[in-house]
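Below you will find one chain, with nothing else, as structure tokens; this is the form predicted alone, and questions on how it binds or moves follow later.
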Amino acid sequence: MRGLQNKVAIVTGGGGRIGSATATRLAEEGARVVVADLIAEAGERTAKAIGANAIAIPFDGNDPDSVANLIHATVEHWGRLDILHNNAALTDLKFLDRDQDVVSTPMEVWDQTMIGNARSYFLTAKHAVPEMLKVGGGAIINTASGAALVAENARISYGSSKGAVVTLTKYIATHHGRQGIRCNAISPGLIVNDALAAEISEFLAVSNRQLITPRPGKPDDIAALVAFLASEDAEFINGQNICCDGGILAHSPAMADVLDMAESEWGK
């Protein structure tokens, strides 16, 4: 893709499924990458696998000083900052199980989710934008979620926090677009690797019924879209939220049942 050679990118949550795939893809496209993760060992593992064009910097997106240090250390090491992929999020399944409806969800779950999924993206952008302006602009890609766009039967805090990410994206793009900053969001559907697929096999089967693609989503799908949005090929795309979800939000709620019916003896 055009324009990624020798650019400097930060990928937060870079030791996880999507983050690791994205950091790897950006490096393959010629970028120099900072793998930022709360779990230092995970970030270091990803950076080591990438090689000389990656370093790991531990960071806590909830801590303003840690975020400021991440941006400072990146510029100190690589000399500039061009790309920020805000991908860190609260994904612990036990924590998410406590995130239910407005009545039963504990306030600490709401507060921690908003801090981890929305406030942290505000903080990284707050420190990244000034550095990007020094080099004439840059690209911010925020990970939102399909849960920001339609309601589910649980996870009210998660969905609301990702809705905030979509709105934050539009504001950053509007405020800084004419200064050369592009800010877009990606709303993934369910993205799995082999380990997660085994852990949530029943839910995955339910989700797969709603897809209009032949397979579930993979981390590489999001990585490819991040690389595109970070590149010069996407220089006229700004302030957008792009769904990468196998078309799960493109159809009516009854679609899976209708397709099953059409394939039955009754439908024929």
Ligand SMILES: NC(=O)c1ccc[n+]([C@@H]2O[C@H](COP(=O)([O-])OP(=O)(O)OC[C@H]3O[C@@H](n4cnc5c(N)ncnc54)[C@H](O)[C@@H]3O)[C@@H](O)[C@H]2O)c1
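Start at 1 with the first residue shown and count on from there. All values reported here derive from a predicted model rather than from experimental measurement.
Quick note: we don't show the form predicted in complex with the ligand, though the next part is all about it.
In the predicted complex, none of the heavy atoms of Arg182 sits within 4.5 Å of a heavy atom of the ligand. The closest non-hydrogen atom of Leu38 lies within 4.5 Å of the ligand in the predicted complex. Using a 4.5 angstroms limit between non-hydrogen atoms, His251 is distant from the ligand in the predicted complex. Contact between Ile10 and the ligand in the predicted complex is not found at the 4.5 Å heavy atom cutoff.
Comparing 171-179, 102-110, 71-79, 89-97 against the ligand in the predicted complex, the single stretch with non-hydrogen atoms within 4.5 angstroms of it is 89-97. Checked against the ligand in the predicted complex, the residues Asn53, Asn241, Asn208, Asn62 give one hit for a heavy atom within 4.5 Å, which is Asn62. With contact defined as any non-hydrogen atom lying within 4.5 angstroms of the ligand in the predicted complex, the contacting residues in 157-186 are Tyr158, Lys162, given in sequence order.
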